[in-house]
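Let's start with one chain on its own, the form predicted alone, as structure tokens.
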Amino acid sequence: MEQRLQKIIAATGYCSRRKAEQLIAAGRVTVNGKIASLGCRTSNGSVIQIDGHPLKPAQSKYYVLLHKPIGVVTSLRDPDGRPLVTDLVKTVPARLFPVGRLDLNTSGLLLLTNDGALANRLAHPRHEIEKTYLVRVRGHLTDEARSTLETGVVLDDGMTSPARVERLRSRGNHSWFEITIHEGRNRQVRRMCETLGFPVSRLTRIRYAFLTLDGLNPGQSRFLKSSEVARLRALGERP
């Protein structure tokens, strides 16, 4: 049965479906010796090559939960030679890639997998996967600022969706709170807080959907249980 080329590539674990589309658009993918185009459909029996190298058959699927430390880059490569999140999961016998991103100075829960199809679905905005962060800001979070965070903050790329905020404590010139969002904009939580005059001094993602960091120190990881993978699949199949 024929399928979209990007879906076949993602199913092998080579990359996410979105990345596969980029490779096809760049003319780096051939099918049976001919350069493929977006929208191309083919079968698993076709000879697919990327940059002249044959696409390997589907691997066993791996799903890893990592407690990303500060100072580690959420990328597969870095021109500045900084440590990568994939360096922390080298013992996994597959080429993993992150689901979403955490910036250099943000720590916390990050999923890595070679299941490109699932990663693509989880990252799609329509599924509204909730992500909770523990935030420490300079200054005392006022009722007005909390209300604005919860109703939406105007950023340079538009108004944010409503969030949930739970104030925890204040000490000295710092406030701690938890914020839950379902969007995935670049540096979103930091930008929301900074727009309201509260520079972020520490940021940790402590929850992704139903998953938490329980039992994991920075740099440590674990494989997801089959029941957890099933729950993630269900979230990624919501209309």
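Computed from a predicted structure; not experimentally measured. So that there is no doubt, residue numbering starts at 1 and follows the sequence shown.
There is another form of the same protein, the form predicted together with uracil (URA); it is not shown, and what comes next is about it.
Peer 1: Just to be sure I understand the contacts: of L213, V189, A36, I48, which is the one whose heavy atoms reach within 4.5 angstroms of uracil (URA) in the predicted bound form?
Peer 2: Contact with uracil (URA) in the predicted bound form is made by V189 alone.
Peer 1: In the predicted bound form, which of the listed residues (D87, E150, E130, D103) lies with a heavy atom within 4.5 Å of uracil (URA)?
Peer 2: Partner contact (heavy atom, 4.5 Å) among the options: D103.
Peer 1: Where does uracil (URA) sit in the predicted bound form: which of 170 to 178, 50 to 58, 25 to 33, 189 to 197, heavy atoms within 4.5 Å?
Peer 2: Comparing against uracil (URA) in the predicted bound form, the contact stretch is 189 to 197.
Peer 1: Indicate whether uracil (URA) has at least one heavy atom within 4.5 Å of a heavy atom of L203 in the predicted bound form.
Peer 2: Yes, contact at 4.5 Å.
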